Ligand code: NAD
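The chain below stands alone and is given in structure tokens; this is the form predicted on its own.
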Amino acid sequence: MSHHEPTSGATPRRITHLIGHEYWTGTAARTAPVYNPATGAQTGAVDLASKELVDEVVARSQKAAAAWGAMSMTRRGTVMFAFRELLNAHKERIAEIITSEHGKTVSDALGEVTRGLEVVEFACGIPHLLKGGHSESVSTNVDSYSLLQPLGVVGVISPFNFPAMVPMWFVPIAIAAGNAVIIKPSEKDPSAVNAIAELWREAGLPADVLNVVHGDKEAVDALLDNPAVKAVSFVGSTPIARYVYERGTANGKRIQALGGAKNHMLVLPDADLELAADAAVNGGFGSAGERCMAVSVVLATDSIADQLIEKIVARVRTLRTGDGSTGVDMGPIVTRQARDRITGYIAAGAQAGATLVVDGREGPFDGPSDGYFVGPTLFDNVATDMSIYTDEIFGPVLSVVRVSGFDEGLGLINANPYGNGSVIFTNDGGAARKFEIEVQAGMVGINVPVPVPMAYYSFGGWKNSLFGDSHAHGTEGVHFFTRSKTVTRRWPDPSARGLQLGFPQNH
């Protein structure tokens, strides 16, 4: 059995590093359990890399980066297109792997892989974005032009909530730009990255251009400390993002560290309330709220708050929570500890005086009794000093804060320490325009619940939602994984010699 296939046996399968296109055969001093959150059963044990192993992989990656970066863009492009076809052909299987370890529904997991595929397609066109500028005769017989060149070895540290999509925000662009990548997936759901790395191998990517190293803080620190690793991309909670940024930059690295969020949805009186209610439920409870772009706060203007809550409740009552592989609407929480933390916030919100309209702790759940389930939870009359408002819960908990109007709602959003995504629901074009200009957030939605940009734009927030200057994918992602060089040149005109009547070809 391969290392990425789920199993139902009593003995947990081994999940290990994929180095040089081969699964590691060494013995790990430490491992971590991997569970199926729908059943609570341990299905795997993932090897945790030591600092010494990470350093060995970095050395291998350095050699591969030199050769890969010198390879023509035409040959690199051939690998990119082959990988795109393979990923598209295997996306259903990868979605099932995600569901078996993360818990999200298969349809949600398939959507995740598809959004990652969009970045792969963007990276297939990277030659256009790697073109430098050229100026003729900046001085007498002197030309000037710029080059974009790869960095060398880069690291990617990805989170549990999108085990396929987030790695593909970074890895395809870094590889297409000519770098070698070391990726450390979340130890909670590591198998999807292994499966995807196998597809890179099948696509013809040379050995060690992509290496998968599983681990915890020791592996993270090793990537941040090794001087041969020139840049690190990270997605996770804000405290860890800040840590990664500070430690990495102290070691002279480029860092893009995407942190947490508290995304607000402002609903004005003229909004389509049916559309807004759909969006609140879709944005708040998709993937069990385990999204950095989840809507966690609805700012409802006083005149329509009761109507909006009524419509949200009606929709929530139709949702089924259970085993994500069985066709339910919402799957389990990723771990028992995360489940307990979320239910603790629900208890704290009720105790603080918020109105608990729908209690997701109650069930019923369409899954085994040992699954890590929390149903959709809705609070009304939430105050801004309550923990359910101030903290990122990262679960299916939606808080309604009543506001007097646009100005109060915008003020609350801009006062929040996070600035990932913010959305407004309105039919007033002037209000929407004022919102998009004045809101302090990196991604803005107008009548859409989850404003995740397309691959050719860039993903990232403001304030405590991002540490570093570069957002993910798009042109900012290309710039992050390359460095520029400007050349000023003067020489006599060369004379071309020799006959070649065949049609010129690229190699």
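Residue numbers run from 1 along the displayed sequence. Keep in mind the model is a prediction, meaning the values are calculated, not measured.
What follows is about the form predicted in complex with nicotinamide-adenine-dinucleotide, which we do not show.
Residues placing heavy atoms within 4.5 Å of nicotinamide-adenine-dinucleotide in the predicted bound form fall in a single listed stretch, namely 217 to 225, out of 202 to 210, 123 to 131, 217 to 225, 402 to 410.
Candidate site formed by 36, 326 and 335: none of these residues places a non-hydrogen atom within 4.5 angstroms of nicotinamide-adenine-dinucleotide in the predicted bound form. nicotinamide-adenine-dinucleotide in the predicted bound form is not approached by residue 245, whose heavy atoms all lie more than 4.5 angstroms from it. In the predicted bound form, nicotinamide-adenine-dinucleotide lies within 4.5 Å of some heavy atom of residue 186. nicotinamide-adenine-dinucleotide in the predicted bound form is not approached by residue 307, whose heavy atoms all lie more than 4.5 angstroms from it. Taking the partner from the other structure, nicotinamide-adenine-dinucleotide in the predicted bound form has a heavy atom within 4.5 Å of a heavy atom of residue 240. When nicotinamide-adenine-dinucleotide is considered in the predicted bound form, only one residue from 425, 83, 379, 234 comes within 4.5 Å through any heavy atom, namely 234. For the options 260, 375, 77, 286, the one in contact with nicotinamide-adenine-dinucleotide in the predicted bound form, meaning a heavy atom within 4.5 Å, is 260.
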